[in-house]
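In structure tokens, the next block holds one chain alone, the form predicted on its own.
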């Protein structure tokens, strides 16, 4: 497990910024209350076998006693680098994104199941959307009872959604909590 280099850090922060905006500062500077120290530490990003982990510094210090080949996971896996070098967020980072999301979408109860099966969000299933969402922005998808269901990319802006027909795509699906069942071997 090693720290991210400059290129990797830029890729991770650009992707997180797409979903959190200026709230990225909250993720980076979040205090960690893990470990034996009375003084809170911080969280950091570490790379292990092309996966990026969000982990407290106290846990990283204690994990140095474990052989790299035997270390499977540490902290929260927030994404992975592809063989081409691009960075993709995984569903495990949903809690981190949900707390710090800049743009949010709420689904009607009738369309939640469709989204959890991996389908895009249609205008007919849209309950609410935050103002000033532009096309291409990262959005976190919630149920009407504020339970985070997944995340995706806004296909239309807030203003365009008002004029859209009910079968028009509003959010392009990227990840949802149904992946825990559909892809349990890969996670």
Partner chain sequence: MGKKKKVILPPQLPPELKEDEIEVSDEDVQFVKENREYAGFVSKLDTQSITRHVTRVANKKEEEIEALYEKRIRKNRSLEKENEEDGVQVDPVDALPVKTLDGKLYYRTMAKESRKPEDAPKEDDNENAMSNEDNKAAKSIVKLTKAERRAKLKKSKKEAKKQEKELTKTEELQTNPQAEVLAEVKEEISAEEAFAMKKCKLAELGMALLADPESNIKFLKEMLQISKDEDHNIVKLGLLSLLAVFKDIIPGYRIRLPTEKEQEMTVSKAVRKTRYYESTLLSSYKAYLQKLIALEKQPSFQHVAVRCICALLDAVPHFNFSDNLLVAVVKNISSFDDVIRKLCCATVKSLFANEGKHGGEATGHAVHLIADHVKVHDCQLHPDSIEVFLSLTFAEDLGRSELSKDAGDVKGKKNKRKKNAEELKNMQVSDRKKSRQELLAKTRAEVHADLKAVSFAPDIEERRRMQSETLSAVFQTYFRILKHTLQPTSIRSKVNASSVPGGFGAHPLLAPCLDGLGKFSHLIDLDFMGDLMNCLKKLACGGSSSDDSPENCLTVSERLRCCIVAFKVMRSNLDALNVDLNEFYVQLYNLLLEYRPNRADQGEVLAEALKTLLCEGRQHDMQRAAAFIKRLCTFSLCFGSAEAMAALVTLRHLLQKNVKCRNLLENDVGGGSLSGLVAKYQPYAMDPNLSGALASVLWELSLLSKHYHPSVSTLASSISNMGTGHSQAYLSTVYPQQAFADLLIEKESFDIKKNLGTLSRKMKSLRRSSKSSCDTCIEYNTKLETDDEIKQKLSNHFIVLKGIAENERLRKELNRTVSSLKLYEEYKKQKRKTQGDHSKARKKKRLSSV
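Computed from a prediction, not measured in an experiment: that's the story for all the values here. Positions refer to the first chain, counted from 1.
Not pictured, yet referred to below: the form predicted together with its partner chain.
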Out of 127, 40, 118, 148, which one falls within 4.5 Å of its partner chain in the predicted bound form, going by heavy atoms?
127
Here the chain appears without its partner; judged in the predicted bound form, the stretch of 129-137, 61-69, 45-53, 148-156 with heavy atoms within 4.5 Å of its partner chain is 129-137
Contact test in the predicted bound form: residue 106 vs its partner chain, heavy atoms, 4.5 Å
yes
My question is simply whether residue 91 lines the interface with its partner chain in the predicted bound form - judged by any non-hydrogen atom within 4.5 Å.
no
At 4.5 Å between heavy atoms, is residue 74 in contact with its partner chain in the predicted bound form?
no
Is residue 23 close enough to touch its partner chain in the predicted bound form, meaning at least one heavy atom pair within 4.5 Å?
yes
Can you name the residues of 154-180 that have a heavy atom within 4.5 Å of its partner chain in the predicted bound form?
158, 159, 161, 162, 163
